[in-house]
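Listed next as structure tokens is one chain, alone, in the form predicted on its own.
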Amino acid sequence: MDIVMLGPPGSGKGTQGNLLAEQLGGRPLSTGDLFREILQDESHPLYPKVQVVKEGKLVSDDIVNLVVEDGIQKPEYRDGVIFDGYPRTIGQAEALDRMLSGMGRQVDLVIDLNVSREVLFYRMLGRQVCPKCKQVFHRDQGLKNCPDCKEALVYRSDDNEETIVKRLHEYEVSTLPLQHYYRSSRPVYVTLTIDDASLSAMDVNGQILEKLKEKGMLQEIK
């Protein structure tokens, strides 16, 4: 089962992808992790191409697609992938379709987290991260240290109003067209509107599972 998670920055795609991986199978894929792995291996055939990351240059769709295509060939992705943050453009979505088709697979499900701007700002401006285990918390929880690692929680440098506005604009320009792309194609498309900042990750997860159940997907996946 190959699943694409859509949603603006701060929508909780990563959190929900991890939960769904445990519940439905498949493995979350992070393009950032794939790039970091290649950058640490000078013998990797894509090592020269990903040097643009170190140089701070814009990474082209072609390079991102090559990195993803290389990544999903790994044994751990054999039973399915939960794509978080990829694809970001129509070109990447078309490339992903070609990759999966060559493996006898396709995008089976798209989950679109439609989160209001008010909730996004609340989440990102209050977001705290454990630098060791990468768990995400919110300042309203009143935690100073990660309950598991005991490391001091930190705020992400890009979680400020100016950067958030810019990231949301980039999402609207580049990524929103993916909604039309996937709605008009074969995958089951599930949209979840989130306008209540008090909803927990498990609350949202429960709503996603309920929608999948309504579409008959849970039985199919299991």
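So that there is no doubt, residue numbering starts at 1 and follows the sequence shown. Keep in mind that this is a model prediction, so the values were computed, not measured. In this text, the rigid core denotes the largest set of C-alpha atoms whose superposition between the two forms falls within 1.5 Å.
One more form of this protein, predicted together with a small molecule, exists but is not displayed; see below.
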message: Please tell me whether the candidate spot formed by 122, 135 and 197 is one where all three residues come within 4.5 Å of the small molecule in the predicted bound form (heavy atoms).
response: no
- prompt: With a 4.5 Å heavy atom cut-off, would you call residue 44 a contact of the small molecule in the predicted bound form?
  reply: no
field: 4.5 Å heavy atom contact, residue 180 and the small molecule in the predicted bound form
entry: no
task: Report whether the minimum heavy atom distance between residue 27 and the small molecule in the predicted bound form is within 4.5 Å.
output: no
- request: Considering only heavy atoms, tell me if residue 32 and the small molecule come within 4.5 Å of each other in the predicted bound form.
  value: yes
statement: TL;DR on 93-101, 108-116, 80-88, 145-153: the one with heavy atoms within 4.5 Å of the small molecule in the predicted bound form is 80-88
- line: Among 164, 192, 38, 64, just one has a heavy atom within 4.5 Å of the small molecule in the predicted bound form, namely 64
query: After superposition on the rigid core, does the Cα atom of residue 197 shift by at least 2 Å between the shown form and the other one?
result: no
- prompt: For residue 27, is the C-alpha shift between the shown form and the other one 2 Å or more after core superposition?
  reply: no
- request: Using a superposition on the rigid core, decide whether the Cα position of residue 38 changes by 2 angstroms or more between the shown form and the other one.
  value: yes
message: Given that the shift is 3 Å or more, do the Cα atoms of residue 74 and residue 36 end up closer or farther apart in the predicted bound form than in this form?
response: farther
query: Between residue 74 and residue 54, do the C-alpha atoms lie closer or farther in the predicted bound form than in the shown form, with a difference of 3 angstroms or more?
result: farther
